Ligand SMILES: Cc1cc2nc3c(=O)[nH]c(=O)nc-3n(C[C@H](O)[C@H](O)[C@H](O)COP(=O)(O)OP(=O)(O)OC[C@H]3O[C@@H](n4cnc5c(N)ncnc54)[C@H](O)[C@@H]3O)c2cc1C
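Take a look at this single chain in C-alpha cells; it is the form predicted alone.
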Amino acid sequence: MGFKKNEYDVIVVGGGIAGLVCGGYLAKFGKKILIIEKNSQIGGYCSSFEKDKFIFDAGVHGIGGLHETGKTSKMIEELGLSVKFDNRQPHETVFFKNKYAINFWNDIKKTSDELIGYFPQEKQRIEEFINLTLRESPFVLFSKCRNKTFSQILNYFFKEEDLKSIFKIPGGNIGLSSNYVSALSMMALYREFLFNPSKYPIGSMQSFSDSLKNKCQYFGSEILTKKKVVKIIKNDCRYLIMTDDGNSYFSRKLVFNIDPIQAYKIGGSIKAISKFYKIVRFLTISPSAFFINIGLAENKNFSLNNNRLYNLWYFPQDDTSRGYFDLSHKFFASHYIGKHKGVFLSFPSERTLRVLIIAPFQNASYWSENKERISGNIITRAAEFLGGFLKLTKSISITTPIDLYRSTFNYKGACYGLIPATSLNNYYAGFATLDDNLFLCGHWVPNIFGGSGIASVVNRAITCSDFIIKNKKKNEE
C-alpha cells in the first residue's frame, strides 16, 4: 500500500537518543519513519553547543553500556554507527573527605584493588558485591534486590560507613538518596557505567547523536528539526500530528520520546494518553541541575595522585545522606549554597571543564536573582580542589534548571526522567504501550531498573522497536 504525502508508518516525537535509536531500528527494518525535534540539533541531553569558539556539552558526560554485552555496543554494531570513543582512564573518580581517591578503571580488578587497598577488612564483601553487580543475570539481580533500596544492599554487604558513602556518591547520576532509590537502578548504574567503563565520544557528545542521525537518514528516516509538535489527534486508525509551522503529518503508529506531561498537553484528547498521564502524574520526578561550562585560555590537564581526571565526584565532607535530595527552597539556600561542599567536575577536553550540582527547579525570577551568586559559590568550591584554574578562564556558560526545561521541555527541567524508586507500583520492563499503536520510550518510562544513563534509554528504545516490528509481523501472519 502506498503512502500519501506526509504519511508515515511511525512518527517519533522527540529527537533524543531513545527517539533516534527507535527510529533507526524501525527504518532499518523498512518502515517509513519521521522524527520530529523542536530544537535545531538532535540529541537532547546528549548534544553540544558552541560559545566563544568553545564546544560545551548540554548534559551527558559519558556513554555507558559499551562493554562486550552492553546494549549500547549492540546498538552501535547493529545500526553500523561510525562513532569512535576516547579510551579515558580512569573514567570516573570519587575523592571523599580529602582522604579516599577511588578511581574507576577499564580493568575491574584495578578498581577492586583500589577499594580493597583503602578497606582491606572488607575485601571479601567488595569482591562479592562486584560479582553480584557484574556477573549475575538481571533475573538474579531482580530476585535478590527487588523492593530494596540501595542503602539496604550496602548495609547487607558492608560495615565501613565511609565505604558505603563512597558507593552512594555516584547516585548523583540518578538524583535520589540511596535511602529511597531502587537498588536495581543503582546496580544497573554500576554495571553499565562504573564497573564497566563509560566512554566519551571523540569530538563531543554531539558526535554520538550525529552518528545516530546520519544512520537514521541512511536507512531512510526523515528528520525534522526546529519543528514543535503542538497538537495530536486520533483520526480513525491514524494519528494527526500538527506542528507550529502549520504543517500536518499522519502516522499509523506514534512513539513518544518526550515527557508524558508534555505528551498530555499536546494529545490529552486521546484516551490512552490521558489514562497514562493519570498513572504517572503523581510519581516523583528526578531533580534538575545547575552547571557551569568553562572554557580555558590554554590547554590544561588536571590530576589527582598522578592520575589524570576526566570525571570527578569531589566530596570533602560526608553529605551523601542529604546531599542530592531534599531540594526545597529553604534546603537549597542553606545547604547547597552555604554548607554543602560536594560538586561534580568533568573535563571533556584540555580546554573545557564543567562544575555541576543537583538543583531544584524554582522559577525564572529565582534563578535570575541568584544564578550569579550560586555560580560564584560552586566555582569557589571547585577552586578549592583545582587551584588556580580561574586565571585561565576565558569563557563561562551558566545553565540553570529553567534553561534545561526550555531546551528539553522535561517537566521542571528534570535530568533523569522519573525517579526509579522502590515504591513504584506501576512500572514497565522497557517501554510503555499506551495502546496497540501508541508508545513511550526513553527515561520517562516508569522503571525500577532505570537510571543507568544512555545505556538505559538505548535499551528501552531497542525494546520498543522490537515490539513494533514483531507486532507488525504477527498482524501480517
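Residue positions are given as counts along the sequence shown, with the first one as 1. As the structure is a prediction and not an experimental result, all values here were calculated from the model.
There is another form of the same protein, the form predicted in complex with this ligand; it is not shown, and what comes next is about it.
>> With the distance limit set at 4.5 angstroms and only heavy atoms considered, check whether Asn39, Phe193 and Cys415 all reach this ligand in the predicted bound form.
In response: Every residue of the candidate spot has a heavy atom within 4.5 Å of this ligand in the predicted bound form.
>> Taking 4.5 angstroms as the heavy atom distance cut-off, pick the stretch from 226 to 234, 97 to 105, 113 to 121, 272 to 280 that is near this ligand in the predicted bound form.
In response: Residues of 226 to 234 come within 4.5 Å of the partner.
> Which one, Phe449, Phe439, Tyr45, Phe56, lies within 4.5 Å of this ligand in the predicted bound form by heavy atoms?
Replying inline: Looking at the other structure, the residue within range turns out to be Tyr45.
> What is the one choice in Val181, Ile258, Met187, Cys216 with a heavy atom within 4.5 Å of this ligand in the predicted bound form?
Replying inline: After the contact test, the surviving option is Ile258.
>> So in the predicted bound form, is this ligand close enough to Val60 to count as touching (4.5 Å, heavy atoms)?
In response: Heavy-atom contact with this ligand at 4.5 Å: present for Val60.
> Heavy atom to heavy atom, is Leu163 within 4.5 Å of this ligand in the predicted bound form?
Replying inline: Flag for Leu163 set to no.
> Is Leu356 one of the residues lying within 4.5 Å of this ligand in the predicted bound form, judged by heavy atom distances?
Replying inline: Leu356 belongs to the contact set for this ligand.
> Would Phe409 sit within 4.5 Å of this ligand in the predicted bound form, counting heavy atoms only?
Replying inline: Yes, Phe409 sits close enough to this ligand in the predicted bound form that at least one of its heavy atoms falls within 4.5 Å.
> Going by heavy atoms, what in 366 to 381 lies within 4.5 angstroms of this ligand in the predicted bound form?
Replying inline: The stretch does not touch the partner at all.
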